[in-house]
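One chain comes next, on its own, written out as C-alpha cells in the form predicted alone.
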C-alpha cells in the first residue's frame, strides 16, 4: 500500500498496451457485428463473387502490389541513409507516380503532368514538414 503514489513503467512492454487494447476492442466489435448481421454475412459469398467479377483487377491488385512493395522497400532503402528520412522520400516518389499512372484512364502528357508534379512535390513537402518542422524521423 505504500506504492500508491508511485508508477512503474516497464519500457520493454509498455508500447504493447494500446495495440492490445485496440485489438481486444475491435475483436469484441467484430463479434457483435457477426452476431447481429449473421444472415447478411451468410448471404455474402454470392455478392462478393459478383463484385469480384465486375472489379478492375489490374488496378486493385496493382495497388496492393505497389503498396506492399512500397512499405517493404522503405526501411531497407532508408538504412542506406539512417535517420534522414530519405527512404520515405525515395520510395514515395515512384509509389505515387506509379499509383497515379495506374489509375489514369488516359495517359496523355496533359493527364500525366499533374500526376508527375504531385508525385514529386507531395513527398518532398511531407518529408520537409516531418524533418524540419516537426523534427520527426522518417524511415
Partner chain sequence: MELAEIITPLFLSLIVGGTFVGIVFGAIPGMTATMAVAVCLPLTYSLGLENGLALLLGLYVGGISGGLVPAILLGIPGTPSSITTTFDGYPMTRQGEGEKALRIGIVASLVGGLVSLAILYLFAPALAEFAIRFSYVEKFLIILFALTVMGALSNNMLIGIFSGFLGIFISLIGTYDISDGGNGEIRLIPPGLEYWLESGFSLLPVLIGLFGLAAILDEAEAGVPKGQSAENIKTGRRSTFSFAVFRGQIVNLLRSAGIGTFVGILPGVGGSAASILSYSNARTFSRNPERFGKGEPAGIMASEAGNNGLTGGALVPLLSLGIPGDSTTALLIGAFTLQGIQVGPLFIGNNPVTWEAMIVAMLIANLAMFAMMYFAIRYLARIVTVPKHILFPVILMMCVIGAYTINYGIMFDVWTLLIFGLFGWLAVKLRLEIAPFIIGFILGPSAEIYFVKSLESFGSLSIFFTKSWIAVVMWILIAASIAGSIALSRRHVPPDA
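Note that the structure is predicted; figures quoted are calculated from it, not measured. Positions refer to the first chain, counted from 1. By rigid core we mean the largest C-alpha set that fits within 1.5 Å across both forms.
If you look for the form predicted in complex with the partner chain, you will not find it shown, but the lines that follow are about it.
Inset, instruction - Determine whether any heavy atom of residue 37 comes within 4.5 Å of a heavy atom of the partner chain in the predicted bound form, and answer yes or no. - result: Yes, residue 37 is a contact residue.
Legend entry - residue 78 within 4.5 Å of the partner chain in the predicted bound form, heavy atoms: Flag for residue 78 set to no.
Inset, instruction - Considering only heavy atoms, tell me if residue 59 and the partner chain come within 4.5 Å of each other in the predicted bound form. - result: Yes.
Legend entry - Contact test in the predicted bound form: residue 114 vs the partner chain, heavy atoms, 4.5 Å: Yes, residue 114 lies within 4.5 Å of the partner chain in the predicted bound form.
Legend entry - Heavy atom contacts to the partner chain in the predicted bound form at 4.5 Å, residues of 38-67 in sequence order: Sequence-ordered list: 47, 48, 51, 54, 55, 56, 59, 60, 63, 64, 67.
Legend entry - Threshold 2 Å Cα movement between the shown form and the other one for residue 20, core superposed: Yes; residue 20 is a residue whose C-alpha shifts (by 2 Å or more) between the shown form and the other one when the cores are overlaid.
Legend entry - Threshold 2 Å Cα movement between the shown form and the other one for residue 59, core superposed: Where the cores coincide, residue 59 shows only a C-alpha shift between the shown form and the other one that is less than 2 Å.
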